[in-house]
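Only one chain is shown below, in structure tokens, and it's the form predicted on its own.
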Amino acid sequence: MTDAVASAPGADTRKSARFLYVSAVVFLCAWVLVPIYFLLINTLSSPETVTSFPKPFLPEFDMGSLTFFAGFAGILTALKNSVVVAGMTMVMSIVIGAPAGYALSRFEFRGKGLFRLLILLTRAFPLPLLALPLAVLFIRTGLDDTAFGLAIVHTTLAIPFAVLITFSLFSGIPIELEEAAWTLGCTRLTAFTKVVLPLILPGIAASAIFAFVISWNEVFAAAVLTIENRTLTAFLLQNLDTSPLHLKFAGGFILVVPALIFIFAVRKYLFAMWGIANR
């Protein structure tokens, strides 16, 4: 009897903790999913429905807003610029970040820990603080208002994540596999391309998607460094006051879709990265 009474407070505590945990999970899911759901509803509704009140809770599956978005002057050009800049950012970040991640994983050198810290510290500088020097530099070098110049800035933002993600991927591949390939006559490059690369290719693809999304959603540098060749985010920001409501919803939906794809494609590699970092 005494044991049953003593265990009751502990059971109540566990139930309360579980209730708080479930409540927090439900709240966070609602915080993320409810805005996306209403964005989807307004995107797949007619322009008249978007401006009406009260809002519907189910989409009409009307393509009027998306059709208006596609036909709006300058949208397709801005969308093409976003794809081009994000594509170049994706390629450059992997070409630069993957070798750096491999070197951090396979080689021991003085200042290795400091180098990893400095990679993260590159994100500590606010982009607005660097906007004016970057604009002056780009004007002097002829890179202003160009897709390549903007891709360089976006690559700088994406490289820290590309390095750390690829570092975690290479760290998960035993070096004994490469050593076995060396004993069979492979060079370091051949062993990398034939043994290591096929194993980490899905992770490399996820890192590339991450870089693509960073460039796709970036707005400040695109708004400052471009005038005629604006990306979609900068174009929507420029026309925020004058564009109709259904255009804003459709543009927001187009911008959100790649981020959602990234979440499902790269989540386990991000978890692996933080797991290795915390060991």
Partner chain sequence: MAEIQIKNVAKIFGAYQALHDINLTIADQEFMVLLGASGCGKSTLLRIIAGLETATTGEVWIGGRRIDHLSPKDRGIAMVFQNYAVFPHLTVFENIGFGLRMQKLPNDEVTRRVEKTATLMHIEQLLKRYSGELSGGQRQRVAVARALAMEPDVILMDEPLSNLDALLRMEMRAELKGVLADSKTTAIYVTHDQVEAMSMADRISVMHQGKIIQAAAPIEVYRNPSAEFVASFIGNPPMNFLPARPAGAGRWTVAGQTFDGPQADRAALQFAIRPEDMQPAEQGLTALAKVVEPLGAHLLVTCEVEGKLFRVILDSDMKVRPGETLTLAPQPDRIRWFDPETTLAVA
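Residue numbers count along the first chain shown, from 1. The structure presented is a predicted model; accordingly, all values stated were derived computationally and were not measured.
We do not show the form predicted in complex with the partner chain, though everything after this point is about it.
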| query | finding |
| --- | --- |
| Partner contact for residue 174 in the model of the complex: the partner chain, 4.5 angstroms, heavy atom | yes |
| Exercise: residue 194 in contact with the partner chain in the model of the complex, heavy atom 4.5 Å | yes |
| Exercise: residue 114 in contact with the partner chain in the model of the complex, heavy atom 4.5 Å | no |
| Residue 198 within 4.5 Å of the partner chain in the model of the complex, heavy atoms | yes |
| Contact at 181, 184 and 187 by the partner chain in the model of the complex, all three, heavy atom at most 4.5 Å | yes |
